[in-house]
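Take a look at this single chain in structure tokens; it is the form predicted alone.
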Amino acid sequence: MKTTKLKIGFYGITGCAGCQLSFIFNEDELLSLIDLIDLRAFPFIKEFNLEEKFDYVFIEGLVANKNDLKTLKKLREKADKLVALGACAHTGCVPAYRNFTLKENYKHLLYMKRTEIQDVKPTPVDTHVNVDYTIPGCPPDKNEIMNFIKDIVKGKEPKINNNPVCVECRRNNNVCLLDVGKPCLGPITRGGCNSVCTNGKFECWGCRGLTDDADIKLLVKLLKEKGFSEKIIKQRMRSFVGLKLPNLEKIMNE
């Protein structure tokens, strides 16, 4: 009995396209998946059509201009399920840090004349539309994207990793970077990256977003006890997940 393939589309709004490239770079498995899914849209590979209906739409990037918002809302209407792909779509990532700096620092970069690309407040996609699933990371791990697609093809609910990066750090026998004087966000950051940064002794900056049970207050207290200034703590925590920490200022003052 022939089954209908899932109609899937990949789209990008404001972003660097690195998340989509993670998928392309998995070339061998990508070719095998073509027999299992109906890939209807993908930048660099296949023309896209905003009028088409999809089972799943993977959206990379954040809303940073009026055209982004228009595209995102159109895709949400056309998709049964919408997947936020990567840190920009998930948390706003580094581009959203603009919300925490003075306009004079970036005003010269803004587009003023063309209406469709006029600036709006940079925000993740879930600020504007309902998101069914998230594949985090900057960029997401290519195997994580592939496993997600394999799960939905099989009709399985995709697994969401909610362990902190610390779990993978311990599994990889890494020295805790907090113990050697580095402001690591591993305790509050969602794992699934195999602690790739801390394996190389580079502290976690939180690109995969917060775990569901992230104890921000406790980590702030710990970082202060380690001698880090409030300025350093705020800058680090706002670099990737600032918009997901609306109470950070209050926590810092407690």
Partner chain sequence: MVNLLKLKKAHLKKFLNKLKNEHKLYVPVKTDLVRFEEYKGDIYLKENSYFPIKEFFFKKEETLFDYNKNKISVPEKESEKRIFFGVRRCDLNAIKHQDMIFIEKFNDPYYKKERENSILIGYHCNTAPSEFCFCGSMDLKDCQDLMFFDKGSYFLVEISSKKGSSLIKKHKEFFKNTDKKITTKKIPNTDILHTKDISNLYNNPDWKKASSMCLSCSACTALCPTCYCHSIHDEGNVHNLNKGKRKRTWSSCQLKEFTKVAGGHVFREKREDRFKHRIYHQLEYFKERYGVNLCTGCGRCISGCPTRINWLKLVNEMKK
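Just so we're clear, the structure is a prediction, and the values are computed from it rather than from any experiment. Numbering follows the first chain given and starts at 1.
In what follows, reference is made to the form predicted together with the partner chain, a form of this protein that is not presented.
J.: Pick from 124-132, 163-171, 67-75, 90-98: which stretch has non-hydrogen atoms within 4.5 Å of the partner chain in the model of the complex?
T.: Result of the contact check: 163-171.
J.: Is L178 a contact residue for the partner chain in the model of the complex, using a 4.5 Å heavy atom cut-off?
T.: Contact with the partner chain, yes.
J.: V57 versus the partner chain, in the model of the complex: is there a non-hydrogen atom within 4.5 Å?
T.: V57: no, not in contact with the partner chain in the model of the complex.
J.: Is V196 close to the partner chain in the model of the complex, meaning a heavy atom pair under 4.5 Å apart or at it?
T.: No, V196 sits far enough from the partner chain in the model of the complex that none of its heavy atoms falls within 4.5 Å.
J.: Although the partner isn't part of this model, could you tell me whether D213 comes within 4.5 Å of the partner chain in the model of the complex, counting any heavy atom of the residue?
T.: Answer yes; at least one heavy atom of D213 falls within 4.5 Å of the partner chain in the model of the complex.
J.: Are S32, P187 and L222 jointly within 4.5 Å of the partner chain in the model of the complex, each by at least one heavy atom?
T.: Result yes, every residue of the spot touches the partner chain.
J.: Can you tell me which residues in 189-205 come within 4.5 angstroms of the partner chain in the model of the complex, by heavy atoms?
T.: The stretch touches the partner through K201 alone.
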